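Read the single chain below, which is given as structure tokens and is the form predicted on its own.
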């Protein structure tokens, strides 16, 4: 039996957390022979609900679940963590400006960064799911001294999955036929799902879907506004699909990317594609089997795409400025 991997999930009693936990405990994240220990973190008012979730996990008798720690103490929650999935965040409420949301969540992720640095395992990797995830990730990273910046990620895989689904439906193919689809920039309404480099069964999307008006209009806006559309339809935000995307992200970061393809995840920019160094921005990424990743270089960016990417990067700059007091100099 392998040594257990410790996975911390914040917001563990929430809808996304609930959808995540049972898949991780059953081997859906790291495979059928990898034991996991779950560190489940919640705020104090949600601890009763978390207690019930722990009961259910125990009642499943998962062979791979080596232990559970349920806590509202961040130092305990991040103890020996090899992977930290930061799911919990305060949702935007009616009348709340985006800047207000950034400020409220910023303080939460400041404390989480500090706790990660003080308690996590030496090889810890961090995926931020709680929104606004790019800037929450930026805050966490900058408040976690000693943890390399390449260990921090913000989730845009849900947007990639949504974009692939839309393209597959339009092209009349199975979603597995879509590759080389990148989400650029921020996980927000400014994100850019890059159809110009995407492929359908190795053929360019623009050659298969002869409808530039749809690609530049409805396709992009549908992906950008999908979260809001789901809230309108079911009365609650995306949960199962977000949890699925988190699992997709971690699995992609732990395994080799298929030859010639790439995946979308927001990482700390080193200045690639003119994106400011230090911003957490989504770009095309390739991974090796040992978990080493790199931004794909040399992707063709036409003028239309450049303008869309710049719009999203500009928003990231504004968010960084809005939380500048939470980023140590």
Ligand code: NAD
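Being a predicted model, the structure only gives us computed values, none of them experimental. Residue numbers count along the first chain shown, from 1.
Below: the form predicted together with the named molecule, not depicted.
Asker: Looking at heavy atoms inside 4.5 Å, which stretch does the named molecule contact in the predicted complex, given the options 131-139, 117-125, 174-182, 252-260?
Answerer: Going by heavy atoms within 4.5 Å, the stretch is 131-139.
Asker: Heavy atoms within 4.5 Å of the named molecule in the predicted complex: does residue 88 have any?
Answerer: Yes.
Asker: I'd like to know whether residue 81 contacts the named molecule in the predicted complex, with contact meaning heavy atoms within 4.5 angstroms.
Answerer: The answer is no: residue 81 has no heavy atom within 4.5 Å of the named molecule.
Asker: Can you work out whether residue 237 and the named molecule are in contact in the predicted complex, taking contact to mean some heavy atom pair no more than 4.5 Å apart?
Answerer: Residue 237 belongs to the contact set for the named molecule.
Asker: Does any part of residue 296 reach within 4.5 Å of the named molecule in the predicted complex? Heavy atoms only, please.
Answerer: Contact check for residue 296: no, nothing within 4.5 Å of the named molecule in the predicted complex.
Asker: State the residue from 309, 316, 16, 25 whose non-hydrogen atoms include one within 4.5 Å of the named molecule in the predicted complex.
Answerer: Of 309, 316, 16, 25, the residue with a heavy atom within 4.5 Å of the named molecule in the predicted complex is 16.
Asker: Though the named molecule is not shown, can you say which of 147, 102, 198, 158 has a heavy atom within 4.5 Å of it in the predicted complex?
Answerer: If I apply the 4.5 Å criterion carefully, the residue I get is 158.
Asker: Is it the case that 186, 220 and 275 all touch the named molecule in the predicted complex, with a non-hydrogen atom of each within 4.5 angstroms?
Answerer: Zero of three within 4.5 Å in the predicted complex.
Asker: Need the contact residues for 39-69: heavy atom within 4.5 Å of the named molecule in the predicted complex, sequence order, or none if there are none.
Answerer: Heavy-atom contacts to the named molecule in the predicted complex: 41, 42, 43, 46.
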